[in-house]
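Coming up is one lone chain in structure tokens, specifically the form predicted alone.
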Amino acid sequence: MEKWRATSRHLLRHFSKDLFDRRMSPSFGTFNRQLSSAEAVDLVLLSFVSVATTIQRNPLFSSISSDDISHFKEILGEKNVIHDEEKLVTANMDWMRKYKGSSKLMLQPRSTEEWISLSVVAEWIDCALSGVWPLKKAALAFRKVNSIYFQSLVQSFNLCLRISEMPPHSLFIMIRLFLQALCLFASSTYCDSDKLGNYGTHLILQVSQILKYCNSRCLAVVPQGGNTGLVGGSVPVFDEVIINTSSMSKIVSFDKVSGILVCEAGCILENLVSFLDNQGFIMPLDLGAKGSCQIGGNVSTNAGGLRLFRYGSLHGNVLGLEVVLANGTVLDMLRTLRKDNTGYDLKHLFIGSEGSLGIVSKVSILTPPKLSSVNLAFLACKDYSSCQKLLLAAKRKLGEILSAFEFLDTQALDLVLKHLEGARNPLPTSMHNFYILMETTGSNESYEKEKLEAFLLHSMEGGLISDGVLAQDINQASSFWHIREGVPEALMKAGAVYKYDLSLPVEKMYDLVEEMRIRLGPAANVVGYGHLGDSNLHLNISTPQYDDAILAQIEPFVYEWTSKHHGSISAEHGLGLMKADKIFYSKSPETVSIILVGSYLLPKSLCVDIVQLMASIKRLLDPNGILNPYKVLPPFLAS
């Protein structure tokens, strides 16, 4: 141990406090998306997004009319139907200001205020019963309630007044008791699984009625949550109706034994993290944008993030979904079982489908328990080969406690130090070629401390680590994560940035970065960072301003290179609008007559075209193509 301390003056003793709340303040990782006013146009697909692709509005889609707006107000109420141009500016553009649509209408289904309106109605009826209001005035007020439940109730009430001998006073008493019972039920923050089918029924009916009407009118829609995506998947392309899920934000239930959480799609990820932290659990998902992103959007894009290395993807953690299809049909797959082999597991169709097959309204997710011993090391490596070897060694020696393995190159760290407020170099004596953030998580503090120190000592003696530091407290750990999670913000502040999210074999990941540097020369700063443990590279090209000549050098080279090395052009960000027509680089190339399947060469005629199969599923579930059009699949296939 003395040798260990003498070998590295920066590699300090680690701490064993809980670091899962390390991610700074609630606003950290939430990028400023306040946008200036801009003129709405049919389509603005800025040239820096991707190589110019001409997209035509589907002529089969209808345009919004005043009758449509009136119909939606009957479903949602006046204030939840937004058609003011100024209020729609933010919703029509993504946070990076790369994509801009011209939607004229945003709808906000709600799960909370309808219940408040029931309480208000009960007060009105009390006033009528106590003589404060005349019965006729109370009945008129009752009719103004914008609740789809009580439209039918009002009709029944009026009918009873005509055909029943029951006096109005008695009817009001009955209605008041009914309303009070509903308000009492709604006042509970959570409900047990037996009540799950009843809870939020009005919410799902709102979404169902919206989609049913849009489908009948052939009005295209785009689901929108936190709008934190990077590929234009959550903003309109033309004048699609925006269905915003932000008000669908209730936690429905949580089982403290199994760790199974059921919540609505609009719950902000950071709010779920805070709730679970109080329960002694964590979310299996952690993103830099957790202060804004919503769980429905996370599921719809199959978001990855910093914890995928330890806990796996959402395909493994999501147990059930409630989804509304294009025709308004509700698919109730909201199971809370870890095992269910009864037929096809259809929820996986909607995880990662980016709202193109249905709108996720509720999620059931398995959450792991919060462990007490967490350690975070910021390490330096001389070359990329050392990073790979360190990853392999960590998997073998620290396998059961290893929870994160992130990397960034010296260009990424330099940008953070220059442009991110409060960022400091954990290893200030010199700059290194590569940096690793390695996290371990477990429950045996003394055992893990000894194991980690032994591993780091051995790695440093073997030349895999050039320098390093172990966080001694929660503040130092937060500063380490601030560097890694702050790279996207630093890139934005540095100027124009071309962003690519790629999945590649670990040994090939950084080859693309180096080839891109040679290709672009001094005209661009090529930055590489990402989730090394998941083989996920975030390739970023930073330039003073956007330039079509530089873009022509980047694309389609970056996609061709990825395809050549059997990678994926989208590791965790989705395809959205940016990569919809690039899907063939990762799926079913049409230009070859013979395909390598495993170790066999087969004629293409014997192989299923995967993209065509996806398009068939899209047409089956959404025949009119109204759900998030122009995204995920090439428009000529999806329509």
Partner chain sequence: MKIMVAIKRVVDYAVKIRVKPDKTGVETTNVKMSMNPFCEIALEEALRMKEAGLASEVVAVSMGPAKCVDTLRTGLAMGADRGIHVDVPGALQPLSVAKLLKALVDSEKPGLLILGKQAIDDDCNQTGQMVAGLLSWPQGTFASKISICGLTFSAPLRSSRSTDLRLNQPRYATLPNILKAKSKVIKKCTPEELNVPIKSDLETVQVIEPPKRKAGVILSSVDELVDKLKNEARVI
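Note that this is a predicted model, so its numbers are computed, not measured. Positions refer to the first chain, counted from 1.
Quick note: we don't show the form predicted in complex with its partner chain, though the next part is all about it.
Contact check for residue 456: a heavy atom falls within 4.5 Å of its partner chain in the predicted bound form. In the predicted bound form, residue 460 approaches its partner chain with a heavy atom inside 4.5 Å. Taking the partner from the other structure, its partner chain in the predicted bound form has no heavy atom within 4.5 Å of any heavy atom of residue 216.
For the chain shown alone, residue 426 is a contact residue for its partner chain in the predicted bound form, at least one non-hydrogen atom being within 4.5 angstroms.
In short, of 225-233, 418-426, 297-305, 384-392 it is 418-426 that has heavy atoms within 4.5 Å of its partner chain in the predicted bound form.
Proximity to its partner chain in the predicted bound form, defined as a heavy atom within 4.5 Å, singles out one entry of 90, 410, 472, 258, which is 472.
Between the options 327, 525, 479, 568, the residue in contact with its partner chain in the predicted bound form by a heavy atom within 4.5 angstroms is 479.
Using a 4.5 Å cut-off on any heavy atom, the residues of 265-287 that reach its partner chain in the predicted bound form are, in sequence order, 277, 278.
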